[in-house]
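A single chain comes next, written as structure tokens; it is the form predicted on its own.
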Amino acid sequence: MSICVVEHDELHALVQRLIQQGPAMGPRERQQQPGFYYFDWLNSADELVLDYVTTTLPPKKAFFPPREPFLEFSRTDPAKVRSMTDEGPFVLLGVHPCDLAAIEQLDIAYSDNIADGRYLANRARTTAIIGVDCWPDEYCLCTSVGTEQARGSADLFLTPIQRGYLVEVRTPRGQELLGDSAQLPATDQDEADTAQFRREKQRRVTAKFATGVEQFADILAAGGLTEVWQEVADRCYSCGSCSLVCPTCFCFDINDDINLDLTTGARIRTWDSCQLPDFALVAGGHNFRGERWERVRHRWHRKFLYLYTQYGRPFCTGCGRCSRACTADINLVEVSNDLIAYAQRETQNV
């Protein structure tokens, strides 16, 4: 890995060049909702926002869209089945460390055992990813899950400094992206500014678990927390917002949508959520998690126990989107710390 410095004007020119060469997706500000940001296709470098806190939906939508048609078909003519795929390459810009970690985790999950061909095909279309460091807000918990300095899937990573951006060139593709851009050697002051940015970022993270993720997994595995799950479930609406904004949730449903002619239609994959009442409903009418508290518990177990045990890392990257999006104001860190405190009290009472 090498480092250099790119000034603001030069980065603007680089982004404009990437947009002209092919599609580029990055964070933009919603025109009707100032202060809210979303990943979308960029028409100009002026639309790209790099100093945002978070987006409503994570950048996984580039590889795993909320609604993705697989094929078109005709009920009367089987020969008229047509695969619906996107084949063009694109660049993904302005991805925060927590979302870089999430992309890496999705890559692992969708490649494991029976690989998801559509996801991997979409992922292969991504010719490059450019990450950028960020400031947290009161919901960010990246330091608790170890993602504050995640770089994983990035080809270039930018850290804001006084002279512009310190650029970490992490792959040969990243070096190709820089191309003829004016690259300044990083001085001792630039590296000091970068180190100061990282220290200040860590200082600003106020949402923290009361224990490490390994100990938290042990607490969840031990069980005996039903009282807390029920308290949280009493507030939960089972709306699924937490799952639908999560950068590492990868559950989906597939349906055949029939057109009004009752003859043609499309097979479509959509995001699904384990918090919805019918998610675990099976043939015969049995629901494996029919009670709301069971679904709430499953979400925590999924993020901090099951997948942690399987892959050696929690499938929460600390972005805080679930807490921001929750219509019942259920905060991931507050509930987790309630669980930890409850388990510790029970242990002391034994």
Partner chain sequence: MKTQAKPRVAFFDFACCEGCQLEVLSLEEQLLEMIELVDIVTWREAMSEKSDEYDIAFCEGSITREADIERIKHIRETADILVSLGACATIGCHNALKNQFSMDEVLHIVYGDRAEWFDTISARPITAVVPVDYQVNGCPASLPEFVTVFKHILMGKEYKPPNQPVCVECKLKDNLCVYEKGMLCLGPVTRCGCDAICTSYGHACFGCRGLVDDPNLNAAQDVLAKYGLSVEEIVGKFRVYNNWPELSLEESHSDG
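Numbering follows the first chain given and starts at 1. These numbers were taken from a predicted model, which means no experiment stands behind them. Take the two forms, superpose them, and find the largest set of C-alpha atoms that agree within 1.5 Å; that set is the rigid core.
One more form of this protein, predicted in complex with the partner chain, exists but is not displayed; see below.
The putative spot formed by 56, 66 and 270 is fully lined by the partner chain in the predicted complex; each residue has a non-hydrogen atom within 4.5 angstroms of it. With a 4.5 Å cutoff on heavy atoms, residue 171 does not count as touching the partner chain in the predicted complex; it lies far away. The closest heavy atom approach of residue 245 to the partner chain in the predicted complex falls within 4.5 Å.
Contact check for residue 260: a non-hydrogen atom falls within 4.5 Å of the partner chain in the predicted complex. Although the partner is absent here, residue 122 lies well away from the partner chain in the predicted complex, with no heavy atom inside 4.5 Å.
Note on the partner interface in the predicted complex: the residue among 305, 50, 325, 45 having a heavy atom within 4.5 angstroms of the partner chain is 325. Proximity to the partner chain in the predicted complex, defined as a heavy atom within 4.5 Å, singles out one entry of 288, 36, 41, 70, which is 36.
The stretch from 91-99, 193-201, 227-235, 146-154 that comes within 4.5 Å of the partner chain in the predicted complex, counting heavy atoms only, is 227-235. After superposition on the rigid core, the Cα atom of residue 235 is displaced by less than 2 Å between this form and the one not shown.
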